[in-house]
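Only one chain is given next, in structure tokens, and it is the form predicted on its own.
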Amino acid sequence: MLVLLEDEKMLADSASELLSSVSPVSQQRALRDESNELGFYPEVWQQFVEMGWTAIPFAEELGGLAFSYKGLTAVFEQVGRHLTASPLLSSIALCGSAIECCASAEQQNAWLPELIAGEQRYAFGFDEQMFHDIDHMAITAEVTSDTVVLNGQKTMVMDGVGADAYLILVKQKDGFDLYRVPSDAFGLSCARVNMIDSRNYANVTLQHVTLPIAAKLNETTLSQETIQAVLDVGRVCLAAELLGISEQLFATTVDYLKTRVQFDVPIGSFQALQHRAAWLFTELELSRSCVLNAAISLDEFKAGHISAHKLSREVSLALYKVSTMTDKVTTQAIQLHGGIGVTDELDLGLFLKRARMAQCQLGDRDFHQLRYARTIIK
């Protein structure tokens, strides 16, 4: 069903209420102006934990709430609307899902509860170049009977600065390996990367980092489909955040059309501008359906009801559609606000900068268009 159920609506409402009070858009402006190294406020993150948002998608036996991914995306939609910075995407959606999906039972019991409780924060290192592509990696893992030595670099690691540990993805001939690397491991260095949305990004370099073999998630090599399914969790959450950003920009623009007076009438009374607003509203509704469908597909995949192939198709469709729609909404928001739309006086620029970064993470529009096409051909 491509609508939120009653409990999912309640979760979205509670998220909106909390974020309005503890994380208004002005907070993102403050984070930018003070050049905050973490890119988020730990006290706000702790309230996420107390609200139970970090436990939403995980099994009850692991300390989770066993709630739906639809519920998690409802939270991320509100995160986008309020422009809230937090490690919910990196530590929970990506690293938490990787541990639940790929780790052994012993590792799950050791690592996942501390993530859910907010006692530890992980960051996921998967990309090594400008564009998202896990098929091209130079990082190496030399494995012996009881140790593994990692050499290489991961770029643009989300929330990498200040993380307690990193999940490092290594490509092998027959699949992928994942390793948990403590942030204090000898030979590991982390350098912050400053980007336009003022969030926490880092380049993580590993030089002869020696780990016990137990640092490897699971004993067997992980398949391409398994890793892509983990990344798809993050992709759906990103799509929901972009949807929330676009919804807020659209609402702000419509309010401006109602209040900006020209020729003694609100400019929203001009039919040409009404047509633009109606067009954007249609695009938003279509994108919302795609995001909800992708979230439902995540739940169905986790329950074993659909294949990884179908999941990848629905997720890439959602991200492509949302990214395309976000371009339209941001462009029209600037044009309809006029000259003031490009000044720092309005929050519009903050939303635009975060949107542009989110559109590039975990695969841009071209990446997902090609990925979707490949699922159709197969």
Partner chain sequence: MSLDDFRQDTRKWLATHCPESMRTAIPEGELVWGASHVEFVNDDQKAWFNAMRDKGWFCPDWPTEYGGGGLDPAQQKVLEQELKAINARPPQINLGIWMLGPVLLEYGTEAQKQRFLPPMARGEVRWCQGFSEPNAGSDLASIRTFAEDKGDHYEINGSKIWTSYGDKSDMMYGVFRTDKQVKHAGISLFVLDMKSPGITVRPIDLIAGKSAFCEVFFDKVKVPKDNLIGAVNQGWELAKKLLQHERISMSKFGEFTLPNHFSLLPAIREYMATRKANLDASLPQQAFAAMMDEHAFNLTAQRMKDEMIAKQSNPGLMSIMKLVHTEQEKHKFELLLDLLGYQALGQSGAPFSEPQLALTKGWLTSFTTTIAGGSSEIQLNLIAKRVLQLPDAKSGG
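The structure displayed is predicted, hence computed values, not measured ones. Residue numbers count along the first chain shown, from 1.
This next part talks about the form predicted together with the partner chain, which is not shown.
Shown without its partner, this chain lists Cys190, Ile134, Val149, Leu286 as candidates; in the predicted complex, only Leu286 has a non-hydrogen atom within 4.5 angstroms of the partner chain. Out of the listed residues Thr282, Gln129, Ser307, Asn194, Thr282 is the one that sits within 4.5 Å of the partner chain in the predicted complex by at least one heavy atom. Heavy atoms of Leu222 never reach within 4.5 Å of the partner chain in the predicted complex, leaving it off the interface. Residue contact check for Tyr320: one or more of its heavy atoms lie within 4.5 Å of the partner chain in the predicted complex.
Contact between Gly268 and the partner chain in the predicted complex is found at the 4.5 Å heavy atom cutoff. Although the partner is absent from this view, Thr155 stays clear of the partner chain in the predicted complex, with no non-hydrogen atom inside 4.5 angstroms. You can rule out all but one of 59-67, 310-318, 39-47, 22-30: in the predicted complex, only 310-318 has residues with a heavy atom within 4.5 Å of the partner chain. The candidate spot formed by Leu4, Lys9 and Phe250 lies fully in contact with the partner chain in the predicted complex, as each residue has a heavy atom within 4.5 Å of it. Applying a 4.5 Å heavy atom cutoff to the partner chain in the predicted complex picks out Asp366, Gln369, Leu370, Tyr372, Ala373, Arg374, Ile376 from 344-376, in order along the sequence.
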